[in-house]
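One chain comes next, on its own, written out as structure tokens in the form predicted on its own.
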């Protein structure tokens, strides 16, 4: 378990390298690369990923890395894998919103065991390692959310773009139609990583993403779990590599939401 603390320190340093790149790029004109229907990456996304990759290649050359922009590299037989979203919330970042961050997780045998999410505009670093608790700027996190739907602020994923977006959005609208009359409020932050971190910090009470990528929530999954939050997919299976959705909340609220969304 102490090995995970060493990896956590490495992850924090790697995320800091990414944040340095973001700070250097703020206020400068950005180039944009299309990735599909209304989806894109900026030159800063690529620069952050390259900086984090270079750092991790030096510090942990034996561990492969999956990045949102450059894909997978390294030893496919390793039980460990770094998972990186260089800027989670790229659309927010490109539009000047402060709600974005660098998200880096370490997976072990398909499950996230170390997570760091660094939100540079608020100077907030969320971090956790399996069995060692979660922290925000080194202050311990413990989530204490409501158990009743009527008291819950629920963060949900943005509407889909790309292939089959219309079908997925119909499901999203159906979920909203069921939840809006029963929960206190719905929030869409535009960054899954901060959705998860804000849940661990008690700023929202639940997170629902009906379609999500591993790099978006792997780090936040560790942070939430170490803060006492239950994190599964929408079928109630523990979230890990291969899951396509995420539902995170305290146990009672999680049970109520799982029933409501079944």
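Positions refer to the first chain, counted from 1. As the structure is a computational prediction, the values presented were derived from the model and not from experiment.
Here the subject shifts to the form predicted in complex with D-MYO-inositol-1-phosphate (IPD), a form of this protein not shown in this document.
Engineer: Check 87, 158 and 216: does every one of them have a heavy atom within 4.5 Å of D-MYO-inositol-1-phosphate (IPD) in the predicted complex?
Structural biologist: Answer is yes for this spot.
Engineer: To test your reading of this chain, name the stretch in 107 to 115, 146 to 154, 187 to 195, 125 to 133 whose heavy atoms come within 4.5 Å of D-MYO-inositol-1-phosphate (IPD) in the predicted complex.
Structural biologist: Correct option: 187 to 195.
Engineer: Would residue 68 count as a contact of D-MYO-inositol-1-phosphate (IPD) in the predicted complex, using a 4.5 angstroms cut-off between non-hydrogen atoms?
Structural biologist: It does: once D-MYO-inositol-1-phosphate (IPD) is placed as it appears in the predicted complex, residue 68 has a heavy atom within 4.5 Å of it.
Engineer: Does D-MYO-inositol-1-phosphate (IPD) come within 4.5 Å of any heavy atom of residue 212 in the predicted complex?
Structural biologist: Contact check for residue 212: yes, within 4.5 Å of D-MYO-inositol-1-phosphate (IPD) in the predicted complex.
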